[in-house]
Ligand code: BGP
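In structure tokens, the next block holds one chain alone, the form predicted on its own.
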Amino acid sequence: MNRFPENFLWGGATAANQCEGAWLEDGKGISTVDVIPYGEDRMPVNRGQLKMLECDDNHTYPAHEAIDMYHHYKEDIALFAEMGFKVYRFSILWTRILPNGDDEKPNEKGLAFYRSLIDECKKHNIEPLVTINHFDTPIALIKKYGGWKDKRMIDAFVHLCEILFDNFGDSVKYWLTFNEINMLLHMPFMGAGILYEEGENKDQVNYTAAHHELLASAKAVKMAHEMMPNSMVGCMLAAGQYYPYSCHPNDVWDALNSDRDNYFFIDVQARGEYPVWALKQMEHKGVKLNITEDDKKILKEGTVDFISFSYYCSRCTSADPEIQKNNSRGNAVFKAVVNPYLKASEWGWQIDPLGLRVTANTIYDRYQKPLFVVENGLGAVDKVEEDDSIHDSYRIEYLREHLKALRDTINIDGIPVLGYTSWGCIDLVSASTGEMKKRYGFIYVNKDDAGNGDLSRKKKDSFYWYQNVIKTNGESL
């Protein structure tokens, strides 16, 4: 009962746009994250409220250098191997492969980089888990089509997938189509390259873009099964159970609806059709989707093999306007109120290990497909001591309690879980804030919010702790 299943995939996760840097190197084109600035304009740009399709001299852009993994990946993967990683989740930048998003032929230098990265993983017996699209829309396609609001984005994405499957299908078994696909409704520019025109019905734009991403995902899944019969393709959800603030029926109903909104995309990707409540909700919002018979067939034929998700915290919600004023400082993307029974991180994210078990059980009850926890971790400020040591006991405690909950999910509840990849296994740029000081990693990267630092890597106490967790297959937490 104290061990995880044999062949459980232990590892860590990153995103290309938060760690690679080298934003214009070797023929790479410009992507959304390249123009999302640090500072007070970051969230308005993420949400599509402030138009920014080019860089200017008035802002700094953290993704341009990030932690320069583009030039440090061999060193970094060696450190992952030293911890004992069985799997490494990373993403592939669309514009490294197709600089304009829909180029006929791929950028050979981009292909060579990812081939080398995958080979490096294989050399260390680390299984690659590839996210095809992690908050990544080519700027050229936003200018050309308006991002995912245009159906032509589907063919461009499928073309990218075909190139990836053709080049890397012999080495990569596990794939994810879109990272946190539900984020499109909360941060439309970051999630789908959406900018609103004056007078546009934003709900119509968002759900149209969502439909296009869902069709693209389904086509990619079907293609993967045809081109790589032994592959497993999953979807990815920004998860976290919604708790009603009280047992008042209005609070319970509010929590139920908040969960439904969150699962909307996964309902389609796992079941192959829109749930009736979602269609009705769109109707009430004045949204009309042109769902053809061919679309329905595509969605049915392209259901995923497993459900992957991120979990950082649970969320609490209330229908009471007075309670709603006590907003949680946590993930600014999701509306939530403070849960009085939970402590919070330095960034206001409420810490709830049992919530991971609740969330995993809810997801499995809903879909009956294997699960994969592909993001979980604690963002915190780390102090480097005079002897270069970093004592991050708070991170160890967070991860320990969440892994205990996951172990119970598997051993007591019987839920099939393929693996666990902690988020930001090496420090990287925060997607929401653009900060470096909000660190998640087992490995410290010497860089600050202003861009200062020599990018050297240092092992934290959590590095050695996680190394032992993997070595004992979770028996020693």
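The first residue of the shown sequence is 1; numbering continues from there. Since this is a predicted model, take the numbers as computed values, not measurements.
What comes next is about the form predicted together with the named molecule, which does not appear here.
Only one listed stretch (24 to 32, 445 to 453, 408 to 416, 424 to 432) carries heavy atoms within 4.5 Å of the named molecule in the predicted complex, and that stretch is 424 to 432. The three residues W148, N262 and I266 each lack any heavy atom within 4.5 Å of the named molecule in the predicted complex. When you look in the predicted complex, the only residue of D352, D136, E375, E213 with a non-hydrogen atom within 4.5 Å of the named molecule is E375.
Only one of M183, A224, L98, L176 comes within 4.5 Å of the named molecule in the predicted complex through a heavy atom, and that residue is M183. Although the partner is absent here, Y440 is a contact residue: one of its heavy atoms lies within 4.5 angstroms of the named molecule in the predicted complex. At least one heavy atom of Y312 is located within 4.5 Å of the named molecule in the predicted complex.
Shown here without the named molecule, the chain has only Q18 in 4 to 22 lying with a heavy atom within 4.5 Å of that partner in the predicted complex.
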